[in-house]
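Only one chain comes next, encoded as structure tokens, the form predicted alone.
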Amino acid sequence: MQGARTCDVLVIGGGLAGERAAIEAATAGLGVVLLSLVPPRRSHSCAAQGGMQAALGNCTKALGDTPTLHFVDTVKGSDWGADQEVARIFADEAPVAVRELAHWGVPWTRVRPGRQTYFVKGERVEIDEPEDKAGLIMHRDFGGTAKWRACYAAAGTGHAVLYAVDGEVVRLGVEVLDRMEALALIHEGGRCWGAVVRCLRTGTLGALLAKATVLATGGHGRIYGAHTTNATINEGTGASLALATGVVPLGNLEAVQFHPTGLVPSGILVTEGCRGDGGHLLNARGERFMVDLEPEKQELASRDVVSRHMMQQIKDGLGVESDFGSHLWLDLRHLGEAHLATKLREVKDICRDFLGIDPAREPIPVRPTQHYSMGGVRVNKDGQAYGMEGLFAVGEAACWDMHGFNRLGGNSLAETVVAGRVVGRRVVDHVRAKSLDVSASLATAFAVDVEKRIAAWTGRPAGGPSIYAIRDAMADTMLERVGVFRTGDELEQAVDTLRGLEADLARASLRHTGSGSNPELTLALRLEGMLRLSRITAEGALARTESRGAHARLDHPDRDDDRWLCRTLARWPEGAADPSYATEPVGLIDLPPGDRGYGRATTREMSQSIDAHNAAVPEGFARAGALATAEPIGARMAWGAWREVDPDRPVPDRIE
């Protein structure tokens, strides 16, 4: 190890969530080091296209929108799997966060007053936009929402937001160490003190000691290999680091979202903004099947519902056959060249660059593709990890749990900046109350363990299984057995296969064992964690004998609020061959479980009263390992406010 250095706050992950938390800490005058696998402007946050949800109510189809209505949509979208207090915090804070981004230079698409042309439910309509809203942030429609709420910058929202936020990071002088990875958290007695890090250029190890450590590494979609919209760096680093402590649990890993429109064959995301702007889904017969299957929401039902309908079309033989398997069509031709060249320009460019087609003239081949991990490092509402003081997590790496079992489109991009602000403030409070009272020998001990892990790989004799073959087998297993539709038999097969791959990994060897830049060694060091995340996902899905949101069990089609209105927690004790599982209450309930308004699901209702459920929540959280929060549980709830809104109140498509 080259040595150890110290800072107030160590942020592991250079995307929007990590950078926004770093900004909060740096603004407070703290010393911040941000660790990133890639230069921050190349993080996966830049791939977000369509929009960021915030209840501003600026355009005609957004009039009357409120944070309470956003809260209701988010809880319904989660299929009542969300922590409702966190959903409330998020909905209240989102408008502030979005306006702050405008101040930092995000070029939001703005309201143009007067008569404007849109496509609503497949029909071309004209709507008068109010003069007094001219120049304010514009909205587009997204799935599962009662109002137009997605603030957007054409089809490059993530790109625009990331560059603006990174500009603030640079302005504040945050130290960024890119092409660096964390290999182990330094911890002792339930207290985190930083991480052992490795330079991807040179292979050298070091230690970063900090009063607070923030995991912001994004999702772990690459356990599905190429069958994901995620970037190649989204291999679950943060979740694996937390799991390896043996103390910190992961929450709801079985909650995996498939985005309806992944480009075929690459899997690149085609934004929900396409359907929000009036795009149609077509089967091989050219039929708009969503009109009959979901007459109210049509193509803009929630992502889990649309993905299931699409896969059913393919299973029923109504997919379009191709060299890359069956797919469906996303038709944007009726939107016109001008619309595609402006509001959906990035989609037009992606289709040109990766398929050689013009979406103004040809339909786009799409099918559901793994997209988002609702589960992650379990944290309390302050973002602090269960069972580990000084460790925080934000963004997709965390199970803060505003998404439950299905995330609404646009809520994740908003979550990155909202959670960064909220959790960043708690990090500041934590750091100001603590001293860096840790021995350098502790860092050395963890570094020695990492050195032994590396030596074990580089010292293995040749001829063992290939780590690339193991990775690909893992990915195929996850897609085929832990996909959009799940059954007990297939999940059992997945678990058995993944156990076998863990055994293969113990015998695997490297073709290149040199020091310095070594991508094969880098993958080998991550693959054990990826396999563990895969097994927890499959085992959690096997244990959850219900269907909720994106977790669709064909052999258990009902949502079971009596038994499964809870969160799965998984820990992997140090030295153990298998994880251990527990559950905790889903959280305080304000909006009672009911019908989502789409999806046509059946439900087994709660036998326990909501009052009895809520009374047991604080003890249930504490028993699961939740640390004390700055405010009491429930302090941010707006009890009963949902009664004042009618999420199903119709808004006319034509306004004269």
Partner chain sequence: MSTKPSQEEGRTLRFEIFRYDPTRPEVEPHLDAFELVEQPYMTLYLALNRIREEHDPSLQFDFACRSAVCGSCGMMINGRPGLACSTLTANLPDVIRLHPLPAFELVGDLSVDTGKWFREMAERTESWIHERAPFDPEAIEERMDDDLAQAIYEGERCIECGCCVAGCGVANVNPRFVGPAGLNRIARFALDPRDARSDTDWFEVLASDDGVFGCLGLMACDDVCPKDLPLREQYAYLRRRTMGAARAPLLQVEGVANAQG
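Because the structure is predicted, anything quoted here is derived from the model rather than measured. Positions refer to the first chain, counted from 1.
Keep in mind that the form predicted in complex with its partner chain is not shown, yet the notes after this line are about it.
- Contact with its partner chain, judged by heavy atoms within 4.5 Å in the predicted complex, is confined among 297-305, 465-473, 433-441, 189-197 to 465-473.
- At a distance of at most 4.5 angstroms from its partner chain in the predicted complex, none of the three residues 478, 494 and 573 contributes a non-hydrogen atom.
- This chain appears without its partner; in the predicted complex, the one residue of 30, 588, 33, 47 with a heavy atom within 4.5 Å of its partner chain is 47.
- Though its partner chain is absent from this view, in the predicted complex it lies within 4.5 Å of a heavy atom of just one residue from 426, 544, 259, 222, which is 222.
- In the predicted complex, at least one heavy atom of residue 109 sits within 4.5 Å of a heavy atom of its partner chain.
- Among heavy atoms of residue 119, none comes within 4.5 Å of its partner chain in the predicted complex.
- Mapping the unseen interface onto this chain, residue 148 falls outside it, with no heavy atom inside 4.5 Å of its partner chain in the predicted complex.
- For residue 322, a non-hydrogen atom is located within 4.5 Å of its partner chain in the predicted complex, even though that partner is not displayed.
- Taking its partner chain as positioned in the predicted complex, the residues of 202-238 that bring a heavy atom within 4.5 Å of it are, in sequence order, 222, 228, 229, 230, 231, 232, 233.
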